[in-house]
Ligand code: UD1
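Only one chain is shown below, in structure tokens, and it's the form predicted alone.
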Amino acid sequence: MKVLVTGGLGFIGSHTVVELQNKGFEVIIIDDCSNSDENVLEGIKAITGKKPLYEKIDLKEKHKVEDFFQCYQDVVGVIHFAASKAVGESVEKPLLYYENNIGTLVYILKELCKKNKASFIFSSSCTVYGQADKMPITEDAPIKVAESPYGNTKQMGEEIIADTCKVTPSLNAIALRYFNPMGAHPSGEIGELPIGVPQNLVPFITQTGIGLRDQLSVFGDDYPTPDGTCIRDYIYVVDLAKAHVIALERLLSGKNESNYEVFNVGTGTGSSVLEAIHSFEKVSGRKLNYKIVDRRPGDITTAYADTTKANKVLGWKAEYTLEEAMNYAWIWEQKIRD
């Protein structure tokens, strides 16, 4: 079965390609390399023994999307990662985010609607919940007003898919709302490769640990949490990648209960920023240079998943601990700095 993975050279995308190929799927990657590197193809090949097909396409170019689906008419499923994802940048450049994250989604869905049958997995986010009223967060939690254009594109994306599924019985879709992906593949062949200053905590931790960054800023220690720092649900990227494959297999085998479903993907455990730092210090044996600074605007206090639905309905469960994931992130950081 032929599967398209958009943004397949990125952090989560590349790990998902590995899991798909290990399951026997034939994978085609679309990526414009705006936030990734073609060398990732070699890492995927080193792990799986096979280099996936690759098309360098900017999905904002509608005619190229049309041409792709005309050329690859036997694609049975799409896993859609390609999107801009930096919260701060989205505030500064909202139109870029709406064009890239919404326009490209619409172009892909229009092509899938032409098929007799199509399966679509959407890379959504726990940002759709904002600061949830109750912990852990279930899929039934209210969708709050988005804190950023990035968060808004995830909310809008889900609404667009749901609306399309209502009038397109041939389209089956699952939105995976995941929490805080981290780590790297156990092989050390692929991992997180942020361009410029990292937007996520863990690569900033490992870059500080290796000496690339002088100091790590911890934004606030006066939150109403046990140690005063924000709490997040850190999910190992390979666990997350496997969730995408299981979700796709659910659609392809017709096990879905409706043609649009939503699942949280997390560990179900909240860890504070300081706990993440101490986890790194334990696995690396290095003391991290960090400093408590003022709170960062837009940061929510606590977010961790209720994974009951994913565990029972999807048949997926996170297997790796924060410490194990942090260890793989550290191995990867050391390898790419050699």
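So that there is no doubt, residue numbering starts at 1 and follows the sequence shown. Not measured: the values here are computed from a predicted model.
The next section is about a form of this same protein that is not shown, the form predicted in complex with this ligand.
Though this ligand is absent from this view, in the model of the complex it lies within 4.5 Å of a heavy atom of just one residue from Ser217, Ser187, Thr138, Ser170, which is Ser217. Among Thr225, Asn101, Gln155, Asn180, the residue placing a heavy atom within 4.5 Å of this ligand in the model of the complex is Asn180.
Using a 4.5 angstroms heavy atom cutoff to this ligand in the model of the complex, all of Ser125, Asn200 and Tyr234 count as contacting. This ligand in the model of the complex is not approached by Ile108, whose heavy atoms all lie more than 4.5 angstroms from it. At a distance threshold of 4.5 angstroms between non-hydrogen atoms, Ala310 is out of contact with this ligand in the model of the complex. In the model of the complex, this ligand sits within 4.5 Å of a heavy atom of Tyr150. Residue contact check for Val40: none of its heavy atoms lie within 4.5 Å of this ligand in the model of the complex.
In short, of 201-209, 239-247, 260-268, 109-117 it is 201-209 that has heavy atoms within 4.5 Å of this ligand in the model of the complex. Residues Val273, Arg296, Gly298, Asp299 of 262-300 are found to place at least one heavy atom within 4.5 Å of this ligand in the model of the complex.
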